[in-house]
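One chain is shown next in structure tokens, namely the form predicted on its own.
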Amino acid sequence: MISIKHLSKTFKNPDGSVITVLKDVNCDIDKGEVISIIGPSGTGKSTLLRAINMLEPPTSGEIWVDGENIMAKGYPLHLLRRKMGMVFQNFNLFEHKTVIENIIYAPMELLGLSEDKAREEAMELLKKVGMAQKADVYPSSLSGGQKQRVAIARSLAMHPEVILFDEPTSALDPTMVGEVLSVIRALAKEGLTMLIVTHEMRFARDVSTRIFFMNEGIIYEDGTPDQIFCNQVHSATKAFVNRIQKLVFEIDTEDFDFLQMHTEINRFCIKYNLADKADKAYGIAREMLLVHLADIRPITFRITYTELTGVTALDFMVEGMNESPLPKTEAIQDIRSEVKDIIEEPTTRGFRIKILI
């Protein structure tokens, strides 16, 4: 369906220096594939999407869509954009139009649909994304997640063969990410061809038929989700997909600021879409540090979140010990009943208690 050959894109800075964002990108995309594009920031992921629909014309190379080179002189780009929907990070809705007016505008102007037909189709799409009840409101009254669902419906209204998603959840409050990802998952099950730039690793693994790992302006690794997440060829891919986010506290006095720790744990959990675990994480940490491990100082407390597996853990680490400092009390059994597991293990520097929540 899409064939990309030796694609490159450079930008010129005001001082005359040149930045190469894409370097000799090559790939083939078949109809019905769902391809997630992952990788560090600044490696050309969004630029690749914008090059595919010519919003960011490449510097060199070829892009073939349905057997035609869209970079050839005179190619009718308006026909290309009928085939390719685009969902942006920041929604790009018309603020002066209602939700349904946003959706019917392009089908009426570009596809020649009557207003009645366009409205009928628009309402079906709004039902699909769970936004039918908001058809007559203006975007200013919607949450970020609702705006993005309307943007998806607007893209679908053009009956595209391909939809390009450019980090569709990056501008959203973490509590709203799930509602947008649910809509994209449903579209994937319908067999729509999609390319998705995303930082949501678990989502990419669940929804994709293929994954591109981009690094340094090239497709560094291309494979199935199992290959990219379990059997990587390159060490750079392995390091990226196994990212562990962490928040560390060094507690060495009785006067430690637990209120500040509470605030930072909340921020950490909200940032990584773990808001539902924030209260439990702080409650267990406080009980462990002020009750069960109160006599042990210094102690290092760390909350970690592994993006790939979705595992959240509380680590309590004590140096210079070779056995668990955790008392075998009934209160500890109460904690065990509230969490997934408590792992007690020696380390090279001491002993660690890991609580999975």
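The numbering used is simple: start at 1 and walk along the sequence shown. Predicted model only: the values in this text are computed from it and were never measured.
There is another form of this protein, the form predicted together with a small molecule, and it is not shown here; the text below is about that form.
Open item on the list: Looking at 27 to 35, 307 to 315, 44 to 52, 284 to 292, which stretch has residues with any non-hydrogen atom within 4.5 Å of the small molecule in the predicted bound form?
Closed with: It is the stretch 44 to 52.
Open item on the list: Is it the case that P40, even though its partner is missing from this view, gets within 4.5 Å of the small molecule in the predicted bound form, heavy atoms only?
Closed with: Judged by the heavy-atom cut-off of 4.5 Å, P40 is in contact with the small molecule in the predicted bound form.
Task: in the predicted bound form, I19 touching the small molecule (heavy atom, 4.5 Å) - done: So I19 counts as contacting the small molecule.
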